[in-house]
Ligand code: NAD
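Shown below, as structure tokens, is a lone chain in the form predicted alone; questions about how it binds or moves come after it.
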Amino acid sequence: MGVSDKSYKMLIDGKWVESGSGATVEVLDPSKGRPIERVPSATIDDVRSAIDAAKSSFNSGVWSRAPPAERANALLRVASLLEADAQHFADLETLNAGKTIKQTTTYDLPYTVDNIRYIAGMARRLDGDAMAEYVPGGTSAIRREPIGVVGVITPWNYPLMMVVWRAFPALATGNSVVIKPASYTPLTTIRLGSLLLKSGIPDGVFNIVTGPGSLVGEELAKNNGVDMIAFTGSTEVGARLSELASPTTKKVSLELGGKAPFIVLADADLEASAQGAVVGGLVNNGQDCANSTRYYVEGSVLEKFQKALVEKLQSVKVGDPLDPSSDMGPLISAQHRERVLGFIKKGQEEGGSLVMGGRTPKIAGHEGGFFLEPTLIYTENHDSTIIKDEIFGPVFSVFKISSLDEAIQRGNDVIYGLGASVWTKDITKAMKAVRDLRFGTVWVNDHVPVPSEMPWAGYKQSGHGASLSRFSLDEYTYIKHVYFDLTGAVRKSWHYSVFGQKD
């Protein structure tokens, strides 16, 4: 069954359903601040029905025990269906999330298709360790087996991509899943569900439940029928889900907040670093856990770097996200824009100087949209809120440093550890930064790229567990030790330690 543009429902056990209460919630276009659709607001019984369907499908073995090639081929069919409908998905993602159409068409969709194809390929080479004899007379081996029902909770900044990052490794390894998309941005997740049904994935293996996190997400975390939670979002919510999940001791995989340092040393290519700073800071309208927000610049080049950065930021076109010439669209909501504006105000109150931006532009035809100009603040207060806390908006905080050692020390001086970059022509300095920066990804002379083959994982309060790469599939499996006796003996040489006497 497909989902029409005007029919967005929940997917439970292979069927499109409304909420048991009939309640719905509005979905907005953030570029206009107007409703574009309504989706069901689930009840507790709806969530439990989805969990039961996932558990039943897992226990049946129709997917969990299917040959890896069968699961891989089904995911490959999803990739092909998504690729064929890429423009429709890109338009919908732009409309619902406020991303620019050039980002969704040239990056989000092609990259997501590639992610699926990589994950599908890896499903066929999920290896245990080689069989070997570790004790006399016996052979040991390792099996990897699916965990069971995985509750997947995705964020609003990459609605489609994060379903793939979090749910598809679970599917590839034989798990069944219940997806709770972000309330702001459920539309492409629901459309993706129709593609999974078309691909032949069995009923109950992939379920979608829409509604508030306080109900749907918390029930997934607490319910004993869910064996694992995979969450991408804020550190605060991740901590709450971990707390709720602890009584059932279910596995929790978390990809949380970030506060990426962007280190510019005196020998760096300043034109390249300023260009990289704009892209790193404005990717996804500045709403990216990897976006560069703290710019540590060596004093001798600070003025030149900041001048180049301002010139480039002044040429950024903020506008209609469906206009291919727009560089930046709106923030996700009025509430979130107020939060970011609060950071800008706080940064100045704590000693920072507003260099540019901080205004909310009015875009013709989009007067109700949640737009914000790129904003640059220079500060010498390293304890400032804009240095320490995740802003999740287009706010650039520039801080002067005297050496690489200082930059590393200050770069590490946050609770987060997701992404970082260093800009230098000196290989020795680059290698030192790579070694000493406590972040899951460190880029040298670039910021943002993460190929499907490489892991995206955090240190510290940026979470634990990996997305992408072969390591992401490991996340969704148990390891089982299997032992084979080779002797055929009734009484083994070690039995006397428990029963009888030594021969």
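All values reported here derive from a predicted model rather than from experimental measurement. The first residue of the shown sequence is 1; numbering continues from there.
Omitted from view is the form predicted in complex with the named molecule, to which the following refers.
Chemist: Which one of these stretches, 400-408, 380-388, 84-92, 155-163, sits within 4.5 Å of the named molecule in the model of the complex when only heavy atoms are counted?
Modeler: Result for this chain: 155-163.
Chemist: State yes only if every one of A182, L241 and G257 has a non-hydrogen atom within 4.5 Å of the named molecule in the model of the complex; otherwise state no.
Modeler: Yes, each of A182, L241 and G257 comes within 4.5 Å of the named molecule in the model of the complex.
Chemist: So, in the model of the complex, is F231 in contact with the named molecule at a 4.5 angstroms heavy atom limit?
Modeler: Output for F231 is yes: heavy atoms within 4.5 Å of the named molecule.
Chemist: Might G213 be said to contact the named molecule in the model of the complex, defining contact as any heavy atom within 4.5 Å?
Modeler: Heavy-atom contact with the named molecule at 4.5 Å: present for G213.
Chemist: Just checking whether C289 would be counted as a contact of the named molecule in the model of the complex - the rule being heavy atoms within 4.5 angstroms.
Modeler: Close contact exists here: in the model of the complex, C289 approaches the named molecule to within 4.5 Å, heavy atoms only.
Chemist: Counting only non-hydrogen atoms and a 4.5 angstroms cut-off, does G217 reach the named molecule in the model of the complex?
Modeler: Yes - in the model of the complex, heavy atoms of G217 and the named molecule come within 4.5 Å of each other.
Chemist: Here the chain is shown alone; which of A430, V395, A120, V237 has a heavy atom within 4.5 Å of the named molecule in the model of the complex?
Modeler: Residue within 4.5 Å of the partner: V237.
Chemist: Just give me the single entry in L418, L187, I263, A277 that has a non-hydrogen atom within 4.5 angstroms of the named molecule in the model of the complex.
Modeler: Comparing distances to the named molecule in the model of the complex, the residue within 4.5 Å is L418.
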